[in-house]
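A lone chain, given as structure tokens: the form predicted alone.
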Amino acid sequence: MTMKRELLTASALLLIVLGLPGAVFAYQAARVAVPGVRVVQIVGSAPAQGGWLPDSIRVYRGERIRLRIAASDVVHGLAVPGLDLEVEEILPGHVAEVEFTADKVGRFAFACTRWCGADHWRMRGVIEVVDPSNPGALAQAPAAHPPYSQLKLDLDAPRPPVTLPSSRPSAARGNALTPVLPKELSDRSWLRTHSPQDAFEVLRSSASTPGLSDDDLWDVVAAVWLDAAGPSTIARGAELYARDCAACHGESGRADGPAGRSLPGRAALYPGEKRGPVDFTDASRLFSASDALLQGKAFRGGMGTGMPEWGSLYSQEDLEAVVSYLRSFAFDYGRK
């Protein structure tokens, strides 16, 4: 008898989960039909219940598309960065809509942007835009090679020790010193492919920095990295970090986010190291890594560490913005 009741209860719950979005869609279907607009319905559920349904959508170039999105359980959000689409809040029992014209061919990943439970990062999908006059164009499109791939960087190789400063380097103090910078430190391409430790070594050997202590030089390095990024890039990185990274790495970058505590972390690669996400306030990690290397780690993901890949969702500019913001956990940019 108890087993029968449990079966009936489970069946009822399943009907609610599956039926609620369908009922909402059906109720509103008549008033959303618009000539020339193709309506695509998506239901979001927690990853354990299946994630996005469907998670693969094919449309044709030139079509006007209306995405109608429902949530079956908790609040979700949806972003398609490659198509510049975002729905911040999808409430259970309601339908959120966003409309766009599929004007470029490609595969565009989408993801949930609201924390919806364990394995939230598995809520991924893809919108595929195909040109009906040239259906093979998608397969023929050359793959983009991120900087770390072009530079042939080994993302998991141990990095050399860093000459750490006695306190957190300050961009404000560095700007007040006003040394004549070596040409490398005024070259943004050089800065992207070299680490802060490399910049420190260049300053240490430069004839333009006599009399400056190691801590002074680190302050100059902080000022150089802040100037290279610029406030708007760092602000964009802060938005992305709060949305996509803080749940694991923590709001202050100290590896104390609630979702990251059970992740294998670097212990998956190097037995004996601590579990959990990387601590971005650990200057030895941030100062020994170039921007290209950090962007590569975000692009590729953590290879079993629990770190998801962001290369399918972030543009190169977004990756640069996030890394620029990460630097502010080790450098004092005057914003914390």
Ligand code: HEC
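One-based numbering along the sequence shown. Just so you know, these numbers come straight off a predicted model, no measurement behind them.
What follows is about the form predicted together with the named molecule, which we do not show.
Residue heavy atoms within 4.5 Å of the named molecule in the predicted bound form occur in exactly one stretch of 35-43, 51-59, 279-287, 65-73, and that stretch is 279-287. Taking the partner from elsewhere, no residue among W218, G230 and A330 has a non-hydrogen atom within 4.5 angstroms of the named molecule in the predicted bound form. Interface membership of G265, defined by any non-hydrogen atom within 4.5 Å of the named molecule in the predicted bound form, is confirmed. Although the partner is absent here, H194 lies well away from the named molecule in the predicted bound form, with no heavy atom inside 4.5 Å. Though the partner is left out of this view, F200 does not reach within 4.5 Å of the named molecule in the predicted bound form, counting heavy atoms only. A298 belongs to the set of residues with a heavy atom inside 4.5 Å of the named molecule in the predicted bound form. Shown without its partner, this chain lists L185, C116, L226, C248 as candidates; in the predicted bound form, only C248 has a non-hydrogen atom within 4.5 angstroms of the named molecule. Residues of 296-333 placing a heavy atom within 4.5 Å of the named molecule in the predicted bound form, in sequence order: K297, A298, G302, T305, G306, M307, P308, W310, Y314, V322, L326.
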